[in-house]
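We begin with a single chain expressed as C-alpha coordinates, specifically the form predicted alone.
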Amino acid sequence: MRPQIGFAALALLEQAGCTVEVPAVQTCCGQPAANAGDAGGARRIARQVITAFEGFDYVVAPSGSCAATIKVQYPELFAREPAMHASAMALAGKTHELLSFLWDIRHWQPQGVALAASAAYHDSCSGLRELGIQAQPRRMLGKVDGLELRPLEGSTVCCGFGGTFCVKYPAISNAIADDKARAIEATGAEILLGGDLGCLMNMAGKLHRRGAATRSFHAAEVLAGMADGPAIGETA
(Lines give C-alpha, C1' and ligand atoms only; values in the text may rest on other atoms or scores of the structure.)
Protein backbone atom coordinates (compact mmCIF):
# COMPACT_ATOMS: atom_id res chain seq x y z
CA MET A 1 0.00 0.00 0.00
CA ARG A 2 2.93 2.34 0.64
CA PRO A 3 6.20 0.91 -0.77
CA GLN A 4 8.12 4.03 0.21
CA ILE A 5 7.86 3.02 3.87
CA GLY A 6 9.75 -0.15 3.02
CA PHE A 7 12.40 1.82 1.15
CA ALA A 8 12.70 4.22 4.10
CA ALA A 9 13.05 1.31 6.51
CA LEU A 10 15.79 -0.20 4.35
CA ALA A 11 17.69 3.10 4.23
CA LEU A 12 17.46 3.62 7.98
CA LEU A 13 18.54 0.09 8.84
CA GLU A 14 21.56 0.40 6.55
CA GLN A 15 22.43 3.74 8.14
CA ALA A 16 22.27 1.95 11.49
CA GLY A 17 24.91 -0.51 10.29
CA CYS A 18 22.69 -3.45 9.38
CA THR A 19 22.93 -5.78 6.42
CA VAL A 20 19.34 -6.15 5.29
CA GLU A 21 17.75 -9.12 3.56
CA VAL A 22 14.10 -9.41 2.53
CA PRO A 23 13.12 -13.11 2.24
CA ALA A 24 11.04 -13.52 -0.91
CA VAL A 25 9.04 -16.37 0.64
CA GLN A 26 7.66 -14.30 3.51
CA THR A 27 3.93 -13.64 3.72
CA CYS A 28 1.52 -11.70 5.91
CA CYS A 29 2.16 -12.18 9.63
CA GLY A 30 -1.33 -13.66 10.05
CA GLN A 31 -2.82 -10.92 12.19
CA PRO A 32 -6.07 -10.62 10.15
CA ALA A 33 -6.73 -14.34 10.62
CA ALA A 34 -5.93 -14.18 14.32
CA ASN A 35 -8.16 -11.12 14.83
CA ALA A 36 -11.01 -12.85 13.01
CA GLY A 37 -10.82 -15.87 15.31
CA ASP A 38 -9.28 -18.19 12.72
CA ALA A 39 -6.59 -19.60 15.00
CA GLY A 40 -5.91 -22.51 12.66
CA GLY A 41 -5.33 -20.21 9.71
CA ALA A 42 -3.14 -17.94 11.82
CA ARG A 43 -1.03 -20.91 12.91
CA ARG A 44 -0.52 -22.05 9.31
CA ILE A 45 0.71 -18.58 8.36
CA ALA A 46 2.85 -18.32 11.49
CA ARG A 47 4.64 -21.58 10.70
CA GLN A 48 5.61 -20.20 7.31
CA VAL A 49 6.83 -16.93 8.80
CA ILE A 50 8.86 -18.71 11.47
CA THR A 51 10.59 -20.82 8.82
CA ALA A 52 11.21 -17.83 6.53
CA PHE A 53 13.08 -15.87 9.20
CA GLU A 54 15.20 -18.61 10.72
CA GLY A 55 18.90 -17.80 10.69
CA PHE A 56 18.63 -14.02 10.97
CA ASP A 57 19.92 -12.02 13.92
CA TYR A 58 16.91 -9.72 13.98
CA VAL A 59 13.51 -9.37 12.33
CA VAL A 60 12.38 -5.76 11.96
CA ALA A 61 9.00 -4.47 10.80
CA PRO A 62 7.92 -0.85 10.17
CA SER A 63 4.61 -1.68 11.83
CA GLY A 64 3.78 -2.09 15.49
CA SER A 65 0.84 -4.35 14.73
CA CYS A 66 2.89 -6.82 12.66
CA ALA A 67 5.75 -6.87 15.16
CA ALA A 68 3.35 -7.33 18.08
CA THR A 69 1.63 -10.23 16.32
CA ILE A 70 4.94 -12.07 16.09
CA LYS A 71 6.20 -11.10 19.56
CA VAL A 72 2.97 -11.55 21.51
CA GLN A 73 0.52 -13.70 19.57
CA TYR A 74 2.81 -16.32 18.02
CA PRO A 75 3.84 -17.84 21.38
CA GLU A 76 0.16 -17.88 22.40
CA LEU A 77 -0.88 -19.60 19.16
CA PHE A 78 1.52 -22.48 19.84
CA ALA A 79 1.07 -22.74 23.60
CA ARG A 80 0.05 -26.42 23.27
CA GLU A 81 2.77 -27.40 20.79
CA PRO A 82 6.08 -27.45 22.72
CA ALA A 83 8.39 -27.64 19.70
CA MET A 84 6.64 -24.90 17.75
CA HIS A 85 6.26 -22.83 20.91
CA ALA A 86 10.03 -22.87 21.33
CA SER A 87 10.48 -21.74 17.73
CA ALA A 88 7.84 -19.03 18.17
CA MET A 89 9.56 -17.79 21.32
CA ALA A 90 12.91 -17.66 19.53
CA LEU A 91 11.43 -15.57 16.72
CA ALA A 92 9.57 -13.35 19.19
CA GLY A 93 12.79 -12.64 21.04
CA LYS A 94 14.52 -11.23 17.98
CA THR A 95 11.58 -9.36 16.43
CA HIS A 96 11.35 -5.59 16.78
CA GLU A 97 9.31 -2.69 15.49
CA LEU A 98 11.51 -0.44 13.33
CA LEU A 99 11.51 2.77 15.41
CA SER A 100 12.13 0.91 18.64
CA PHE A 101 14.90 -1.14 17.03
CA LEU A 102 16.68 1.95 15.73
CA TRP A 103 16.63 3.75 19.08
CA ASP A 104 16.76 0.95 21.67
CA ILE A 105 18.91 -1.66 19.94
CA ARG A 106 21.08 0.22 17.43
CA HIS A 107 21.19 3.55 19.32
CA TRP A 108 20.76 5.32 15.99
CA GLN A 109 20.04 9.04 15.66
CA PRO A 110 19.25 11.07 12.54
CA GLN A 111 22.05 13.29 11.28
CA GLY A 112 21.70 15.95 8.63
CA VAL A 113 17.96 15.36 8.22
CA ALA A 114 15.74 18.43 7.92
CA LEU A 115 12.04 19.08 7.43
CA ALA A 116 10.55 22.51 7.93
CA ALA A 117 7.09 21.56 9.18
CA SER A 118 4.88 21.24 12.25
CA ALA A 119 3.79 17.72 13.15
CA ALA A 120 1.46 15.81 15.45
CA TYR A 121 2.30 12.21 16.42
CA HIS A 122 -0.24 9.41 16.90
CA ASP A 123 0.68 6.35 18.98
CA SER A 124 -0.66 3.14 17.45
CA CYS A 125 -2.43 0.79 19.85
CA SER A 126 -0.24 -2.26 19.15
CA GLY A 127 3.02 -0.36 19.28
CA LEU A 128 2.09 1.46 22.47
CA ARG A 129 0.28 -1.19 24.48
CA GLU A 130 1.99 -4.38 23.36
CA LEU A 131 5.51 -3.11 22.63
CA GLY A 132 5.93 -0.02 24.82
CA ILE A 133 6.75 2.32 21.94
CA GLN A 134 6.08 5.97 22.74
CA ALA A 135 9.18 7.98 23.62
CA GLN A 136 11.50 6.46 20.99
CA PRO A 137 9.97 7.99 17.82
CA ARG A 138 9.58 11.38 19.48
CA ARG A 139 13.22 11.41 20.56
CA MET A 140 14.42 10.67 17.04
CA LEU A 141 12.00 13.09 15.39
CA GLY A 142 13.08 15.75 17.88
CA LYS A 143 16.51 15.65 16.24
CA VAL A 144 15.16 16.47 12.76
CA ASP A 145 16.14 20.06 11.95
CA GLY A 146 13.16 22.36 11.49
CA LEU A 147 10.53 19.84 12.63
CA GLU A 148 8.19 21.13 15.34
CA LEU A 149 6.37 18.41 17.28
CA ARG A 150 3.06 19.65 18.63
CA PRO A 151 1.17 17.88 21.43
CA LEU A 152 -1.85 15.90 20.24
CA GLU A 153 -4.68 15.52 22.72
CA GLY A 154 -5.56 11.85 22.99
CA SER A 155 -2.46 10.75 21.08
CA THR A 156 -2.69 7.36 22.78
CA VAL A 157 -6.38 6.88 21.97
CA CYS A 158 -7.29 4.45 19.17
CA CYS A 159 -7.89 5.96 15.73
CA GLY A 160 -10.82 3.63 15.08
CA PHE A 161 -9.15 1.35 12.55
CA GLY A 162 -8.35 -1.64 14.74
CA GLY A 163 -7.79 -4.04 11.85
CA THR A 164 -11.00 -6.01 11.42
CA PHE A 165 -12.75 -3.80 14.01
CA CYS A 166 -13.50 -1.15 11.38
CA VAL A 167 -15.23 -3.78 9.24
CA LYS A 168 -17.21 -5.37 12.08
CA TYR A 169 -18.26 -2.09 13.71
CA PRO A 170 -18.12 0.61 11.01
CA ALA A 171 -20.33 3.14 12.82
CA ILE A 172 -18.26 3.00 16.01
CA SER A 173 -15.03 3.07 14.00
CA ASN A 174 -16.19 6.13 12.06
CA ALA A 175 -17.14 7.99 15.24
CA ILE A 176 -13.76 7.28 16.82
CA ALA A 177 -11.98 8.42 13.65
CA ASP A 178 -14.00 11.66 13.64
CA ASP A 179 -12.91 12.41 17.21
CA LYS A 180 -9.30 11.69 16.31
CA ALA A 181 -9.46 13.88 13.20
CA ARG A 182 -10.86 16.80 15.18
CA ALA A 183 -8.03 16.47 17.70
CA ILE A 184 -5.45 16.42 14.91
CA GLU A 185 -6.97 19.48 13.24
CA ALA A 186 -6.98 21.32 16.58
CA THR A 187 -3.17 21.09 16.74
CA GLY A 188 -2.84 23.10 13.53
CA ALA A 189 -0.04 20.74 12.53
CA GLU A 190 0.87 20.50 8.86
CA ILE A 191 1.62 16.80 8.98
CA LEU A 192 0.50 13.75 10.95
CA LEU A 193 3.11 11.13 11.84
CA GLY A 194 2.86 7.62 13.18
CA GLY A 195 4.52 4.22 13.13
CA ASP A 196 1.78 2.01 11.70
CA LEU A 197 0.38 2.26 8.19
CA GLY A 198 -3.05 0.93 9.20
CA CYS A 199 -3.61 3.83 11.55
CA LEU A 200 -2.15 6.34 9.11
CA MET A 201 -4.29 5.21 6.17
CA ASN A 202 -7.40 5.38 8.34
CA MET A 203 -6.65 8.86 9.62
CA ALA A 204 -5.41 10.16 6.26
CA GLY A 205 -8.66 9.05 4.67
CA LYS A 206 -10.79 10.65 7.36
CA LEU A 207 -8.82 13.92 7.26
CA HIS A 208 -9.13 14.04 3.48
CA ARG A 209 -12.89 13.51 3.60
CA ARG A 210 -13.19 16.30 6.16
CA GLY A 211 -11.28 18.63 3.86
CA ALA A 212 -8.37 19.01 6.28
CA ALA A 213 -5.03 20.20 4.95
CA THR A 214 -3.04 17.88 7.23
CA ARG A 215 -0.84 15.41 5.31
CA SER A 216 0.15 12.01 6.69
CA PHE A 217 3.52 10.24 6.66
CA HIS A 218 5.12 7.27 8.40
CA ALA A 219 7.78 8.54 10.81
CA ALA A 220 10.38 6.43 8.98
CA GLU A 221 9.83 8.52 5.85
CA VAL A 222 10.70 11.70 7.73
CA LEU A 223 13.73 10.15 9.45
CA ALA A 224 15.02 8.89 6.11
CA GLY A 225 14.57 12.29 4.47
CA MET A 226 11.86 10.91 2.18
CA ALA A 227 8.91 13.11 3.15
CA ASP A 228 9.25 15.52 0.23
CA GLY A 229 6.87 13.68 -2.09
CA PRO A 230 3.18 12.68 -2.04
CA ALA A 231 1.75 11.94 1.39
CA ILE A 232 -0.30 8.86 2.23
CA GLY A 233 -3.42 8.88 0.06
CA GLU A 234 -2.01 11.42 -2.39
CA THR A 235 -1.23 10.54 -6.01
CA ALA A 236 0.96 13.52 -6.79
Partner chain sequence: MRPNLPPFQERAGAALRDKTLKLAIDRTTGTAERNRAVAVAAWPEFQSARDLGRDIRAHVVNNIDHYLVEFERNAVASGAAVHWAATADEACQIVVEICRKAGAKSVTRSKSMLGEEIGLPHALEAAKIERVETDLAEHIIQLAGDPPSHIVWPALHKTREQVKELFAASHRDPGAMEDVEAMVQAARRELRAKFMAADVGISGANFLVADTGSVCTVTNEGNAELTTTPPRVHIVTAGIEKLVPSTAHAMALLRLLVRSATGAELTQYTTFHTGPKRPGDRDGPDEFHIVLVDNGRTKMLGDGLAEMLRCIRCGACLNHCVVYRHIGGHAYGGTYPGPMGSVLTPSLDGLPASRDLAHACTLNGSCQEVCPVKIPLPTLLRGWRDRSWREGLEPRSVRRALWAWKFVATRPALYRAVSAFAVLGMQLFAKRGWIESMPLAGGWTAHRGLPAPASSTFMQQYQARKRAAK
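All of these numbers come straight from a predicted model, not from anything done at the bench. Residue numbers count along the first chain shown, from 1.
There is another form of the same protein, the form predicted in complex with the partner chain; it is not shown, and what comes next is about it.
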property: Listed residue (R106, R138, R150, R129) with a non-hydrogen atom within 4.5 angstroms of the partner chain in the model of the complex; result: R129
property: Among the candidates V59, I70, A204, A189, the residue which, in the model of the complex, approaches the partner chain to within 4.5 Å (heavy atoms); result: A204
property: Touches the partner chain in the model of the complex: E21 (any heavy atom, 4.5 Å); result: yes
property: Exercise: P170 in contact with the partner chain in the model of the complex, heavy atom 4.5 Å; result: yes
property: Contact label in the model of the complex: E81 to the partner chain, heavy atom within 4.5 Å; result: no
property: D145: touches the partner chain in the model of the complex, heavy atom cutoff 4.5 angstroms; result: no
property: Residues within stretch 41-78 having a non-hydrogen atom within 4.5 Å of the partner chain in the model of the complex; result: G41, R44, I45, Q48, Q73, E76
